[in-house]
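Below you will find one chain, with nothing else, as structure tokens; this is the form predicted alone, and questions on how it binds or moves follow later.
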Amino acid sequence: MRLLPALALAAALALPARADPGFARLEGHGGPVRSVAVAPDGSRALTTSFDNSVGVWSLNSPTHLGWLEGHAAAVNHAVFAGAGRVLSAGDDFALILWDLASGRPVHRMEGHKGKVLAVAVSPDGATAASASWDGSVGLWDLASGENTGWVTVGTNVNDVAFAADGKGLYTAGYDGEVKFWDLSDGPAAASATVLHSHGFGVNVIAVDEARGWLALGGLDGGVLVMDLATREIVADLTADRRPVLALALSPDRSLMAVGDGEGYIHVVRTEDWSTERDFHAVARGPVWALAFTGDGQGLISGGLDDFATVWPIAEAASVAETEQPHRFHLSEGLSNGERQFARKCSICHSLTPDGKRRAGPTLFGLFGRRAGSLEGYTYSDALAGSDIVWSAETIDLLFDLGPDHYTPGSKMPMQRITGEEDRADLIAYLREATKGTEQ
């Protein structure tokens, strides 16, 4: 496992000043930003990314404090887990509890058989819950790092939250059901109550038991607020933007923000569910990551870009789009091969020898290289022993069949390029751009 030097010794890199006071950026990731979290005191933020890392930031400047690197795949979620600790989870099926002072893992928690999408920490800080696509929620003792049981949900679990008393769990699943699990008799015997059947997969939930409501965001773009006592829908905030990917509550619970797959952020007042702000946060692409700043006056968002953006809510209405074009919006003037690379490859791979901060290995020198052989990159077992040699033929097969069929078990996400001409143009572009060594 590759560890970073202590965060206390990491250089604090001040973000460049911007002419527009409306927003700042947390820059440095080598891939899309998957989640963001803010410390209870508002002083620090966490960002997770497809580049397999957790970024730690001071929000006072803001400044970058360091990287937490130990996951072998994309990091989907991270939260603050008590004084000086962070809990993260990723596509490598693992959770890691980190000590912020040293930047080193305290516990690595394994046992899931699928990617972990979300984690939550109990109100007393003693227990963690992990939502996984293996159809379960894992419960973990944070003092020892030991698993204390599994709640069998039976479908991909996208989100999880503790009840206020720590004796129950709320889950959101791919099957569209939002459930409450009573843990009184232990996780193995947990009984489920279906609170809502949405009909489409539910990606995210937000719960305020004190005020008696639960909000959900679905694959269909639905945003519903349910009364926990009656299970009646008390507000429908659906804006016909799909899918809904993020929900965030302000520290005082007076505001809720919704992030969707079309790049919008909708901020509503929870007192009456009226709109506070509704703005286009990115030129194109999803808002995966969303959190309020400690004072509740700002939002931090992230998505396909390799940075997170800090938005002052009061000024958001005047900002239609970020000034910088989106990575995947740069289509004008590109050849078809370069366009295919931008859309399919650039999230995870660079073309430079140093590889930058990317979730996948650099493609520099790709042609003629055996799959799984680049020194310094940690491959999945499926690719580490592969006899595939990258050539025009094997790259064509990779995108024709899809990685799930051509390199099953690898970390490469499922995707295909169905057009024969598009694949040929991509291969021609890669042959030149990677300075291949093929004879």
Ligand code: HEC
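Under this definition, the rigid core comprises the largest set of C-alpha atoms superposing within 1.5 Å between the forms. Computed from a predicted structure; not experimentally measured. One-based numbering along the sequence shown.
Keep in mind the form predicted together with heme C (HEC) is missing from the figure; the text below concerns it.
In the predicted bound form, heme C (HEC) lies farther than 4.5 Å from every heavy atom of Y406. Using a 4.5 Å cutoff between non-hydrogen atoms, H198 does not count as a contact of heme C (HEC) in the predicted bound form. Taking non-hydrogen atoms only, K344 approaches heme C (HEC) to within 4.5 angstroms in the predicted bound form. When contacts are judged by a 4.5 Å heavy atom cut-off, W390 counts as touching heme C (HEC) in the predicted bound form. Remark: none of the three candidate residues (L46, G55 and G103) comes within 4.5 Å of heme C (HEC) in the predicted bound form, counting heavy atoms only. Site annotation in the predicted bound form: the residue of G70, G372, G66, P62 reaching within 4.5 Å of heme C (HEC) with a heavy atom is G372. Contact with heme C (HEC) in the predicted bound form, judged by any heavy atom within 4.5 Å, is made by just one of P286, G222, G176, G360: G360. Along 171-203, a non-hydrogen atom within 4.5 Å of heme C (HEC) in the predicted bound form is carried by no residue at all. Comparing the forms between the shown form and the other one, the C-alpha position of D404 differs by 2 angstroms or more, with the core used for superposition. Once you line up the core between the shown form and the other one, the Cα of G385 ends up 2 Å or more from where it was. With the core superposed, I395 shows a C-alpha displacement of at least 2 Å between the shown form and the other one. Contraction of the P403-G303 CA spacing by 3 Å or more is recorded in the predicted bound form, set against this form. Whereas the shown form places them at one spacing, the Cα atoms of D305 and A428 lie at least 3 Å closer in the predicted bound form.
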